[in-house]
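Have a look below at one chain only, the form predicted on its own, in structure tokens format.
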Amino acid sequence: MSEVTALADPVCPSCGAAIHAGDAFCEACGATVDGATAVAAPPEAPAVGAEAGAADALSAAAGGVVAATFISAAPRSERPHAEATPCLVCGGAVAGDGYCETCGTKARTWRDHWTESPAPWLGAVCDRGVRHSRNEDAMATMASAEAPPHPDSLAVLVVCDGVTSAPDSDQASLAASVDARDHLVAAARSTSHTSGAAAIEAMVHAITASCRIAQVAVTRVTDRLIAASPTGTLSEPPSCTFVAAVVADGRATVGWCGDSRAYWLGDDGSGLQLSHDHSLASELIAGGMTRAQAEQDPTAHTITRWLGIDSPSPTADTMTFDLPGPGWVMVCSDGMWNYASEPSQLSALMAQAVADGATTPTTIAESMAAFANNQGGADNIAVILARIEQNPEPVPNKES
């Protein structure tokens, strides 16, 4: 019997976004896609939390150009538990149904806590927290093998925070983050020949489009849930926030919708919140309140933009930031910045993690998530860190 190659969904020839077979137009960019063909599926996903070995395998499968941690979007069922994983409560064996055979406690699943380390200079953690029964945060990452200051270095960082009050937002956030990441990787590849103002404009456009693609992903999850519902309706549609950063050519291009955040944390003590929350807290600050006062207000976390079919404005704001020197680009959900909102506080947490023995972006991110849990873990937590050693040298104009 001849071997059959698995095919992924067709992609838009203009922007690289996934499309349905038979579509006439791309839902992300509006380009005509008649006759678009399917492409080979990406390599099989490694176990979530896989570190350098899996990343190297993925990089090799992609021709050595990039490494990305692939996880399935909008899972139809929980992934099986790893064999021989002991119960965190009593150390007993976990049965196939996910419960401890000794004490009956439900074991932690991959969705409760996972890490991503697609390259040594980028690491991430996503954790359920303490008080919630489900992790509705999600993240997706990519990094080139070349780290800054190499002129070809590239990283993509995406976090989506599922809205707790809307059922099944965990599925929406995961689908949105993975689809947005995949679009940004494709866009970065397709515009790698540009530089200067053209490169900035292209990446801002890609970030804006990735938010629209994330919105489409949430809509598709919603449609699937409606189709599976006995009543054909949902009490409330799933929704999530969105923040993404692309690190390339000595700058970070950032887009966001909601109150998940992006920061620059410099080694010299400088720090800056790159995003601006779409929330009532931001409106209170604009009205004269201090940040500390506004973030303690009971309405602070009421968001004014989000992704979902009930969103009045599922669009991203964007900004570009020239990286000034050694430091970190960080994106996170409010489960992290709830306990350390100021850039100086986040920098202090990172310094403490290093002092305590953390040596990689992933272990530093783990330490920061542990801090949030130790402070109460009132929400799910997602943290992604990209290490910038220094600015790359100016690159020749790629358009000449």
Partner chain sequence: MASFTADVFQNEYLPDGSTEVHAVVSVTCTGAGQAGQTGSGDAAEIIIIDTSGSMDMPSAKIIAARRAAHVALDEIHDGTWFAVVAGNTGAQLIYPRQGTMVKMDAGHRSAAQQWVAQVQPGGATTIGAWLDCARDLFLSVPAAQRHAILLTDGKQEHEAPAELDRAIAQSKGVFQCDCRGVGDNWVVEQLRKIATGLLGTVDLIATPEQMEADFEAIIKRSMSRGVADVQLRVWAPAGSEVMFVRQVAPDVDDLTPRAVQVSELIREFPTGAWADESRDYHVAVRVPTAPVGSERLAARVELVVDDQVQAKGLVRAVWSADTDLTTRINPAVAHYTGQAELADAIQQGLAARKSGDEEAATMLLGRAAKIAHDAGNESTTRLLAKVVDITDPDTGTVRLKKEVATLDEMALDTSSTKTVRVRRDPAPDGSPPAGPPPGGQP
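Just so it is clear, the structure is predicted and the values come from calculations on it, not from any experiment. Numbering follows the first chain given and starts at 1.
Heads up, the form predicted together with the partner chain isn't pictured, but that's what we're talking about next.
Comment: 128-136 is the region of 242-250, 128-136, 181-189, 272-280 lying near the partner chain in the model of the complex, near meaning a non-hydrogen atom within 4.5 Å.
When contacts are defined as a non-hydrogen atom within 4.5 Å, none of M203, T299 and T302 contacts the partner chain in the model of the complex.
Site annotation in the model of the complex: the residue of W328, W110, Y99, F321 reaching within 4.5 Å of the partner chain with a heavy atom is Y99. In summary, among the residues G91, G104, P149, G196, the only one with a non-hydrogen atom within 4.5 Å of the partner chain in the model of the complex is G104. With a 4.5 Å cutoff on heavy atoms, A95 counts as touching the partner chain in the model of the complex. Under a 4.5 angstroms non-hydrogen atom cutoff, the partner chain in the model of the complex lacks G288 among its neighbouring residues. For P230, a non-hydrogen atom is located within 4.5 Å of the partner chain in the model of the complex, even though that partner is not displayed. Contact check for I226: no non-hydrogen atom falls within 4.5 Å of the partner chain in the model of the complex.
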